[in-house]
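Single chain ahead, by itself, as structure tokens, in the form predicted on its own.
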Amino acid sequence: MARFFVLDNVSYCYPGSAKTGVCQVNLELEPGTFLAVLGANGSGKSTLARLCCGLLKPTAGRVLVDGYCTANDEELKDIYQRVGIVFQHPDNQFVASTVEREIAFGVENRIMSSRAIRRIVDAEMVRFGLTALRTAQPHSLSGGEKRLLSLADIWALKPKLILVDEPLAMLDPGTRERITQLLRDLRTEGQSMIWFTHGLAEVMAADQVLVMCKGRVVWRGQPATLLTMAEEARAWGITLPPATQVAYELGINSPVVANESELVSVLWK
């Protein structure tokens, strides 16, 4: 299957600084892939996310989306139609005065009738539970509602690849579960996704994991394998699932515990 998304030896240095945000990252994605990028704050995750969608241009290497290169300004429009990013702080994403107008904003740039736009906006408000907030101001919403709106913004555009940067940060447990389920639903529909986070529990269903530390990829593999590497994970600033952490503290190293039900089963035996 063809790789539609490629990072070719990508590096990024902050302007006017000797600090390197990302160093020599290589990656190829097939359509439908769920990739997790794990790392502590300052590891380069958010910088990499912005490089992936063309908001930042690499100082070395290339980012290619369906053959379009983010370094070429004339190709950015084509890239923005294929890659969407959900920011860690949703307020940075909002541009319109109401929830309804916010979802419609990006869609209106597509060539379609006003009736078609209305159908899309209404469908996304239902999908993300925002219908009752149709006329509310985006910046007045709760943290969870802002996150739902930021996801609706991007999903309305149907990009080939969605980037989500710490989508569950600073949310209450109920909202975390709701958003996690919505993202699972998108994955079920075949959506390609890169999920940037420090918490392994969020991305146990990922096809592949990249771990970043000080701007470099230091490990890649399956999430289940990373569960067996507790000391390394801690050193890289990765938060293990709570059940895994408890198991290690109790001296249970085999079998590896991934969730609460597995922990209960091991303790019962």
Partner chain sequence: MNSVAYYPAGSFWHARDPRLKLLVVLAGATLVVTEKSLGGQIFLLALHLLLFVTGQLPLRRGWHMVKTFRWLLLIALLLNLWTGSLPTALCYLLRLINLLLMSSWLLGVTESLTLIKGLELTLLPLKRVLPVGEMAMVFGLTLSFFPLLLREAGEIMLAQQARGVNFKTNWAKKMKGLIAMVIPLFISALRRALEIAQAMEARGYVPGAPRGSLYALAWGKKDSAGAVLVFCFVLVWWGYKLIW
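Note that the coordinates shown come from a computational prediction; the quantities given were computed from them, not determined experimentally. Residue numbers count along the first chain shown, from 1.
The next section is about a form of this same protein that is not shown, the form predicted together with its partner chain.
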**Prompt:** Any chance Leu183 has a heavy atom within 4.5 Å of its partner chain in the predicted bound form?
**Reply:** no
**Item:** 4.5 Å heavy atom contact, Met193 to its partner chain in the predicted bound form
**Value:** no
**Message:** Test of understanding: in the predicted bound form, would Glu102 fall inside 4.5 Å of its partner chain by heavy atoms?
**Reply:** yes
**Message:** Taking any heavy atom pair closer than or equal to 4.5 Å as contact, tell me whether Met112 reaches its partner chain in the predicted bound form.
**Reply:** yes
**Request:** Look at the candidate spot formed by Phe94, Lys146 and Leu157 and say whether its partner chain comes within 4.5 Å of a heavy atom in all three of them in the predicted bound form.
**Result:** yes
**Request:** At a 4.5 angstroms cut-off on non-hydrogen atoms, which residues of 114-145 are near its partner chain in the predicted bound form? List them in order.
**Result:** Ser114, Ile117, Arg118, Val121, Arg134, Thr135, Gln137, His139
